[in-house]
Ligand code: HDD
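There is one chain below, alone, in structure tokens, taken in the form predicted on its own.
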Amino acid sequence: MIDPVLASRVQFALTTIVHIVFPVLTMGLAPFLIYFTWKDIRTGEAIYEQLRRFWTRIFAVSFAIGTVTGIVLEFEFGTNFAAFSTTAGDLFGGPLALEGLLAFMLEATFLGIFVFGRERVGNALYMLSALAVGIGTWLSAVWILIANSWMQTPRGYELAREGGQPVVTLVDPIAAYANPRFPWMFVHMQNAAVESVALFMAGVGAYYVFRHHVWGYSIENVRFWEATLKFGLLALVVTAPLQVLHGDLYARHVFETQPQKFAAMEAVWETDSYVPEYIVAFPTDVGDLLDPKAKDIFGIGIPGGASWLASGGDPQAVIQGLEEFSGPQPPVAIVFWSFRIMVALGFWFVLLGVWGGFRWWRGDLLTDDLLHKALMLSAPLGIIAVELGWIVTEVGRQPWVIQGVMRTRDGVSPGLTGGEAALTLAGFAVVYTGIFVVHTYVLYRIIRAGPPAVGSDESSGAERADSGGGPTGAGEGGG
């Protein structure tokens, strides 16, 4: 019989991995849509109307599906992690409730105006709706990350026992909700979302630009795709270096507040100094893949880099090894390899931004076929990097569900059986896989349809998306 703890953890991981795709798209698109709306109102240029309407469709679809999958996630706290909910409900429930009452309601109230109201309201109200939707999207992240960051670095609480059950009582809301982890998580997550959308936009734009300028296909809306490529690349040039620099500082904070997680990230088992930071690492045998140890890994690394990263500049700094911590250890292989791939992707994004920026400066952006191929292949990599980052964050915290307060095993619903957990896991796997496939297909149809014709109403644009046609034509711009 499957362990209900393992099944519950896998189920929550699966649903989170699928769900996070949708808020990443909406949070990342929000700044772009605010800018496109402002430029559309200020200039009246057709290209900004097309950009606004096209990417609003992707935003709206992702918002709708993200709402459904997010609500289910919150129910899982009651069905699979009831003991955790009982213990941390006084502190954990507040941010989740505020996320629904403030952020979600702000988004939902103005989303209808933003999606359908351009011809029905004035410029000022329409611009307000764009701002409200964007701010609401980012406010949702604020409250969710407040809750999660408290689990990483709990503050402002007292722990008591009621009826034999540990219960967390909120005593200092400012210390709890402005805990030391929150600003690091918020900046890193929001920048990652914008970076992910920038990569997606640049990749999609590069595909159509490549077809037109390299393969010679006649594409009616090539100016729209050129603009999409340029906006995505411009955002990538800004966000990619910022993500690497902030990630360096964030890792130092993790070392200071969660040394066991940091040791797992670097696969340091024995306390040591001058620990290398492997940018690219390869296991020397199967055992190293499943049970990595930094000193046995073959790779390209910076001598003393991990020590320098942990200390903020001292390559001789000592890193406490995993053997120093009593009790269960995090799944080191998952954390170590996820962190390696995430870091490698982060540097690839910087290189891609520099490459694209240089070619743009040289005037070759629209004709560099190798760059176009690299951007196309990199289109989904930003979201993959976000997924890996969350794996490092959540799996690296194990065995704790609340760091130093409550272990994950103790947070699972006490009456949950292995059979029940396995049944819901199978059901969620099927449903969430289906949701992801449907979302991917809908995005494909929207992209294949291309931008709406200027001056057409919103309903006719939706019909073109549904029919798979559009001004690009099925044979030329449709792929």
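The numbering used is simple: start at 1 and walk along the sequence shown. Note that the structure is predicted; figures quoted are calculated from it, not measured.
There is another form of this protein, the form predicted together with the ligand, and it is not shown here; the text below is about that form.
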| query | finding |
| --- | --- |
| Contact test in the predicted bound form: V244 vs the ligand, heavy atoms, 4.5 Å | yes |
| A264 within 4.5 Å of the ligand in the predicted bound form, heavy atoms | no |
| is_contact(P154, the ligand) in the predicted bound form, heavy atom dist at most 4.5 Å | no |
| 4.5 Å heavy atom contact, T228 to the ligand in the predicted bound form | no |
| Of L91, M185, A130, L371, the one that lies within 4.5 Å of the ligand in the predicted bound form (heavy atoms) | M185 |
| Position in contact with the ligand when the complex is considered in the predicted bound form, options V222, L366, V204, A251, heavy atoms within 4.5 Å | A251 |
| Stretch in contact, per heavy atom within 4.5 angstroms of the ligand in the predicted bound form, of 386 to 394, 120 to 128, 158 to 166, 372 to 380 | 386 to 394 |
| Residues in 174 to 192 close to the ligand in the predicted bound form, defined by a heavy atom within 4.5 Å, in order | R181, M185, H188, M189, A192 |
